[in-house]
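Next comes just one chain, in structure tokens: the form predicted on its own.
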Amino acid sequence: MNGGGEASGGGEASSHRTVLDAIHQMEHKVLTAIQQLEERLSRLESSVTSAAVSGANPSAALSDSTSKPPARSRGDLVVPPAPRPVTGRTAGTPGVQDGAPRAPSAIDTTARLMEEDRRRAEEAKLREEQARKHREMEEARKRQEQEQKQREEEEKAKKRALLDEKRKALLGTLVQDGPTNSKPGVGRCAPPLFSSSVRRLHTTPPARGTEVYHAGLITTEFTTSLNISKQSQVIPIFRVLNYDGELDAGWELPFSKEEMLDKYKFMVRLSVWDDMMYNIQRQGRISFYIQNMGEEAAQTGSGSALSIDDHLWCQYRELGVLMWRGFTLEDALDQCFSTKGDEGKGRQMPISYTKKDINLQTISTPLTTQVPHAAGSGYAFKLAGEKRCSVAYFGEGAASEGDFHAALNFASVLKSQTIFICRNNGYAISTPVKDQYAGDGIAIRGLAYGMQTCRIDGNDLVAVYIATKKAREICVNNSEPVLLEFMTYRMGHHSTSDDSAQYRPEGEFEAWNQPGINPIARVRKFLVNAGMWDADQDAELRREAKSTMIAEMKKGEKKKRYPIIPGVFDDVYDQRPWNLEEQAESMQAHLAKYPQQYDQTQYESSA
């Protein structure tokens, strides 16, 4: 009985091995020849299903389905089966190898393969859909770029057309037959665009063989002679009152002799007060001062020729300009003493004057910052159609700063109503002019920027007045800037922090202080020649000026300073924000808590 059982078990094992070999063969073929999978799966599914329904041996159905392989095309790949040997059996489980999992049935394998095929098909479809969307997005992006580029090209074309129309409207046809120059090496040239300093536009049609006007040039002239040069036109120094105190031939005073006397008295008082301000700094009563000595005529002449409506943008050596307009000695002392009478509330260093009523913009000690401001202010007056101008005062040292060049170019191109007044006094602190520039002074720069320009004897009160008056007339009526260069001399130190004896050549001061060259002495000569002045009157004027200064100084030193808390926290914003209010309250409490540590007697109470 046992022998029969073993025989029966051997038959079943043989049958199962046949089935497993067929399954392995099918699976191997499917995996290695995926292109034949659909046809083979269809046949295999049909055979296995029929065998299961009829109860026939699956191995027989499988053998039938595999005994007749489908017709193969020339390109089919034929892979021989790879039988897997069975080395042992598990008791009670015929045909299963020792320790191996149960082999899947043909139906399970078919279902798995169909599911994998479906998944691959879905993945392929998804990839195709993504690729399609990517292509559509890329095509849309390219279309947008092309449309944008086309729009930009159209916009550029419109702008070019508009500029061409404007250029034609403004310039007309800026070419015509030019005269044949008789100079050797000079051929046919276009006529000058400027005539008598007036720009004229030529509108005659161009003729054949004419030269074309070059934008940016005043005159277009061609030559066959090579000429590299640094020579420029001579800019003379305008002078009316000579060294003997006499008016040069052809000139009369632009004001009455009585007005000349008033201007002289003003210059003397300015000189006395200026010297005393220097001395009180040396006594430690103020911290800093800059003198005006030697430039009284330049300040008085230009200041008296301007209108009170004009806005002043000064540097720091123009006290006479300010006082002529109504800036009093009391105002000057209040600022230098930092008292409550100073409109700047004592916050600025001495000589940083300010006064709204006389249109004086607050003086800023950093060099040249006021010059571009003046150019912008004058441009605003032009745009508003106002008959006033902006006036910038500066020294030749400031003209070495970049702000100077930017301001002049701005004003010249935009026709700003600005007068630029340069006090060429020979020194930028301790640097003489020979070490500052190699060109022909400052006036030549005005011409280079296409600006109306004049060079004046800055020690000639009359010439300064006439030139400034004319410059203002041109500036306001023609709406264009003017540059004036006053040739003068700084007779004092740069400031109380300077000692000019360390760098001033021997004999230079004495040469500029001669009676005919010194600005005050030159006017005095005129008055003496006219029988309007003598030495006694001059001495009395100086005593009176000194007494006035002493009295004002005594009053000024008794004035209290602006209250501490408002002085620190006001004018940062229009209204104090909460954080500044907190800080102000904290500081007030601190001062109240430690009064013995802080001397507040010099300050006005803020209560």
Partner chain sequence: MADHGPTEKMNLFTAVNGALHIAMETDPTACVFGEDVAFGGVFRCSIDLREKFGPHRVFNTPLSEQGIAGFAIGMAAVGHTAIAEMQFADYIFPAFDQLVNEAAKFRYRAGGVWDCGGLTVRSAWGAVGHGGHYHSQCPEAYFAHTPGLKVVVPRGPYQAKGLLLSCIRDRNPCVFFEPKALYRAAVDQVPVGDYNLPLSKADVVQEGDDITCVGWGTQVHRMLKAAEMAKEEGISCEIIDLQTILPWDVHTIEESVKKTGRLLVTHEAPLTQGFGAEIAASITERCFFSLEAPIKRVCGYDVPFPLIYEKFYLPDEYKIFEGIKEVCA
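All values reported here derive from a predicted model rather than from experimental measurement. Residue numbers count along the first chain shown, from 1. Take the two forms, find the largest set of C-alpha atoms that superpose within 1.5 Å, and that set is the rigid core.
The protein also exists as the form predicted together with its partner chain; that form is not presented, and the subsequent description refers to it.
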{"item": "Partner-contacting position among 402, 531, 216, 236 - heavy atom within 4.5 Å of its partner chain in the model of the complex", "value": "402"}
{"item": "Of 271, 348, 361, 220, the one that lies within 4.5 Å of its partner chain in the model of the complex (heavy atoms)", "value": "348"}
{"item": "Contact stretch among 121 to 129, 295 to 303, 448 to 456, 340 to 348 - heavy atom within 4.5 Å of its partner chain in the model of the complex", "value": "340 to 348"}
{"item": "4.5 angstroms heavy atom contact with its partner chain in the model of the complex for residue 591", "value": "yes"}
{"item": "Its partner chain contact at residue 568 in the model of the complex, heavy atom, 4.5 Å", "value": "yes"}
{"item": "4.5 Å heavy atom contact, residue 367 and its partner chain in the model of the complex", "value": "yes"}
{"item": "Contact flag, residue 246 vs its partner chain in the model of the complex, heavy atom cut 4.5 Å", "value": "no"}
{"item": "In the model of the complex, residues of 591 to 605 near its partner chain [heavy atom within 4.5 Å]", "value": "591, 593, 594, 597, 598, 599, 600, 603"}
{"item": "Rigid core fit then residue 576 CA moved by 2 Å or more between the shown form and the other one", "value": "yes"}
